[in-house]
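One chain comes next, on its own, written out as C-alpha cells in the form predicted on its own.
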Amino acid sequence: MARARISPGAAVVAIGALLAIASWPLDAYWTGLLTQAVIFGGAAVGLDILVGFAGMASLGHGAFFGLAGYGLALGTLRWGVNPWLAAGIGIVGSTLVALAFAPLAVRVRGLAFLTVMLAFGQVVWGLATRGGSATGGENGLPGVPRPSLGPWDLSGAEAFYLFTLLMAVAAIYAVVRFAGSAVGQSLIGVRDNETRMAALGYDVRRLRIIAFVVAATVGAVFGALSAAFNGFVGPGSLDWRLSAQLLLSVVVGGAGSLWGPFVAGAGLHMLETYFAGTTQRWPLVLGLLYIVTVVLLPGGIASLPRLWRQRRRSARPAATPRSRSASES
C-alpha cells in the first residue's frame, strides 16, 4: 500500500502552525528565546542552498545577516525613515552587496572560497567596528524600533514571535520551492559533477551566483528580524563566529535537507544561550560538535530517519521457508 506523501510546502506550513501553538504556555523569556531560535534556524536554511545544493561552504555569510540589521538601524536612527522602509533598505542593500561580490567569490572553489568569504566577512566587520558615530563602532546601534503592522502591535514578545514565525514560514516556503525548481535541481548537478553540467550546456558560474545571492538574501531577511527583535545591532552580528555557527548548523543538520539545518540552527542558538551563562568557551563547544557530527553522524540530523528505518529493517527476523509457504497458501 502506497504511503501518502506530504508536499514540502504543506510541511513548512504545518510546522509553522505547531510552533505557533507551542508558544502559548510560554512566558516572555522563553517566547523571546524561541523567536531567536526561529531566526537563526531560518538563516541556516538559506545558507543550505549555497552549502548543500551548490557545494560551497562559506564562512562569511553572517556578514549579509548583519548588513541587513545595520541597514534597518541606520534607516530608522540616522535617516529617520519608516521601519518597514528601513528594513527593505537593509535587505535590498545586503542583496546588492552579495550580487556585486558573488562574481568574484564564485571564481574559486573549496578552501579558497572558504578563505575568500572569511576575509570578506572580516572586512565588513572591520568597517562596522571602525565606522565611528555612523555605525556606533564597537558599541553598535541601540534603540532600533520594531515596526507596527496596522492594528497589530508587534512590541510584545508573543506578537513579535508570531510575526517572526509568519515571515519565517514565507521565507522557508520560498526556499523550498526554489530548491525544487529546475534551477535548484541544476545546482545539485553542479555540486555533484561540475564538468558534466558544463558539458551539457549549463552556465555553472551563473548557477553558483544565483545560489550565493539567494543564500545572502534569506540571511538578510532574518538579519533584519534579529535587529528589530533585539532593538540593537552591533559588530557581533557580522563576526566570523556567527558565520561559523550558521555553517555548523548546516553540517549538523544535514547539508541539502533544508529541514535539518533549521532544527540544528534553532538548537545551536539555544545551546549558545545556555553555555553563555556558564562558560566563555562557546567556540570550543562548536568545534567539538562539528567533530562529533562528522565522525558519528556524517549525514547530520537529517540522516536519522533513514538510519532508524534501516535499523528497523535489519531487526526484523528473516522469514523461514516454512513461514513463506504458509503465507503463500
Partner chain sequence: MHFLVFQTLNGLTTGALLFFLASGLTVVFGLMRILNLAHGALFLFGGFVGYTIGERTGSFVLAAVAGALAAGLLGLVIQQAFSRTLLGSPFNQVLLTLGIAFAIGNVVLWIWGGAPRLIRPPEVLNGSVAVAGVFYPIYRLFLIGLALLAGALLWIFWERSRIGAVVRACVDDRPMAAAMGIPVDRVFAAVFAVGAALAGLTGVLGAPVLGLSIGLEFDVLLLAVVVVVVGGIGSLTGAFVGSMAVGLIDAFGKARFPEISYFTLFAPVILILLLRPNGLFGRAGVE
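Just so we're on the same page, rigid core means the largest C-alpha set that superposes within 1.5 Å between forms. Computed from a predicted structure; not experimentally measured. Positions refer to the first chain, counted from 1.
The next section is about a form of this same protein that is not shown, the form predicted in complex with its partner chain.
Highlighted residues V51, F101 and R107: every one comes within 4.5 Å of its partner chain in the model of the complex, counting any heavy atom. With the partner omitted here, the residue from I188, L166, A134, A119 that has a non-hydrogen atom within 4.5 angstroms of its partner chain in the model of the complex is A119.
Only one of the listed residues (N139, T115, S148, N193) places a non-hydrogen atom within 4.5 angstroms of its partner chain in the model of the complex, and that residue is T115.
Residue contact check for Y290: one or more of its heavy atoms lie within 4.5 Å of its partner chain in the model of the complex. Its partner chain in the model of the complex comes within 4.5 Å of a heavy atom belonging to A57. Within 4.5 Å of some heavy atom of its partner chain in the model of the complex lies at least one heavy atom of R130. Although the partner is absent here, R241 lies within 4.5 Å of its partner chain in the model of the complex, judged by heavy atoms. Contact with its partner chain in the model of the complex, defined as any heavy atom within 4.5 Å, is confined among 140-148, 212-220, 247-255, 157-165 to 247-255. Relative to the superposed core, L286 shifts its CA atom by 2 Å or more between the shown form and the other one.
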